[in-house]
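As structure tokens, the next two blocks hold two forms of the same chain, structure 1 and structure 2.
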Structure 1
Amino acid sequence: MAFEEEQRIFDDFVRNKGLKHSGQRRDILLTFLKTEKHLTADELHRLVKKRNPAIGTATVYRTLRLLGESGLCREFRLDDGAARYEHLYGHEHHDHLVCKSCGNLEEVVDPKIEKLQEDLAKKHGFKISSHKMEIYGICRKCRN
């Protein structure tokens, strides 16, 4: 997988903020981009330490904030309150199915649901700027 576009966006963003693009930030960026998962900062820290044991938790948090500001990821919180980060750049809008037993998150897209949401907003004279939908339950694996 090539992440040249995301790296360019991040490099430009960091440079425009007057910050240096350190090797640690690059390691965090690449680890995040290679992990197609909804990660907490601690999970990302554990993964990136395999690549660079010198990286501290605070550096991961600061880099995630920069990734969010640059438009490459977004932070979201589920019912458990933990902040998670997901890829944003190049990813289409989606909703989440969340297992209350194992914590698994599944990304789902359904054009009919999106249309219903648009119709509902229109009916009430509401202009949507963004939305998120999370459905909580028990996944197939945990039910079996």
Structure 2
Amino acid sequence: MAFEEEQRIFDDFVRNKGLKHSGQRRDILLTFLKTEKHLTADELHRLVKKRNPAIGTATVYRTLRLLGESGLCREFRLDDGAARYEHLYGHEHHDHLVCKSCGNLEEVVDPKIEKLQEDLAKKHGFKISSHKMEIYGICRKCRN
């Protein structure tokens, strides 16, 4: 089984917090790790239920919060409102090209833009803690 590194991180996190392990948490973690998609809690829940049909909504949300706290995942939201989750561990910061046709998210980074964002903030006396940039449009595939 892969993801030993991530599993170890989560195990350590759980132990250090005085929490307990559970089959549900393991199922959710592995299902999350197995996809590189940007899933909503509901989409992840559907996937996890293939592995363990009894898992409840609340447990998915609760575990997602723990994954966030342990540094394994990151929550963000597009303009559609629902929260989405993506891998954080071993993934550099990046922004997204969001296709309004197929819904796919392409991950991109432009160091020049990142630099200019810092300059822009500095010029306004603003201390950055994070930023987000999304470009909406039609992806190459969908344009044919």
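Here, rigid core means the biggest group of C-alpha atoms that superpose within 1.5 Å across both forms. Owing to the predicted nature of the structure, the values given are computational and were not obtained by experimental measurement. Along the sequence of structure 1, residues get numbers from 1 upward.
Comparing the two isolated chains, structure 2 is the one taken from the form predicted in complex with another copy of the chain; structure 1 is not. Superposing C-alpha atoms between structures 1 and 2 reveals a rigid-body rotation of the smaller part against the larger of 14 degrees. With the core fitted, the CA of G125 sits 6.6 Å away from its counterpart between structures 1 and 2.
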